[in-house]
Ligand SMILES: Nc1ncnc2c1ncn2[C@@H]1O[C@H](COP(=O)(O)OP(=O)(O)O)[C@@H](O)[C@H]1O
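In structure tokens, the next block holds one chain alone, the form predicted on its own.
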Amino acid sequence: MLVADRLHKVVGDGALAVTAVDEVSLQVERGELIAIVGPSGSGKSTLLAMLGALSTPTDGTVRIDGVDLSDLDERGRSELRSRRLGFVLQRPALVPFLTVSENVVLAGQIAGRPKSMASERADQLLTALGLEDRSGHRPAALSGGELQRVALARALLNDPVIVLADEPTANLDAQQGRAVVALLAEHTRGQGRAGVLVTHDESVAAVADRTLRLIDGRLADS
């Protein structure tokens, strides 16, 4: 589902250039959730951005479900992100003046789904995630755990082939964090998606099928 081959990313120019990711190769199978762990500044988020077509590598390739990202122009990358990828970030970044349901439906509308279909799918996901009674609330009325569950529903709305999560538990307590990661794992494995979870928390990584360690931009083991 996801193949990265010798990914390399240099940030900055000249004497200020820094290698953020150095010759990283990995693959994720359908139904598999992998965790990428490492200290702050190890290149985890930079790697995830390249895997999610948010950043272009200096060198190396990424293939998503057989599609080589280097073959796509910016419009093609944008369409792939909205229709085939799902993102769960450290901060949910919900639209504050929209309700929970409207925030989730918005992801479908951006991807070109009819609003009625997006609304039906949003209702299904919010019910599955235990948020049906919060669908009419605005984000300010929700707890941190509820906000991350909304973000997960939004990420899953378009039935993505790959779900990418960047430190999704960083602002949650231990119980809320475990619940969000368990839901992420359940929806990745149960629907035959591939999932990549970036975290510095070993207890969060333990939920994954495999753990890769990134140190100074390089994989230490696999």
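Note that this is a predicted model, so its numbers are computed, not measured. By rigid core we mean the largest C-alpha set that fits within 1.5 Å across both forms. Numbers for residues come from their place in the sequence shown, where the first is 1.
Another form, the form predicted together with the ligand, is not on view; read the next lines as being about it.
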item: G66 within 4.5 Å of the ligand in the model of the complex, heavy atoms; value: no
item: Contact label in the model of the complex: K44 to the ligand, heavy atom within 4.5 Å; value: yes
item: Close approach of G192 to the ligand in the model of the complex, 4.5 Å, heavy atom; value: no
item: Q175 within 4.5 Å of the ligand in the model of the complex, heavy atoms; value: no
item: Proximity to the ligand in the model of the complex (heavy atom, within 4.5 Å), stretch among 183-191, 66-74, 44-52, 150-158; value: 44-52
item: Candidate spot V11, A20 and S40, all three touching the ligand in the model of the complex (heavy atom, 4.5 Å); value: yes
item: Large Cα shift (2 Å or above) at R91 between this form and the one not shown, core-fitted; value: yes
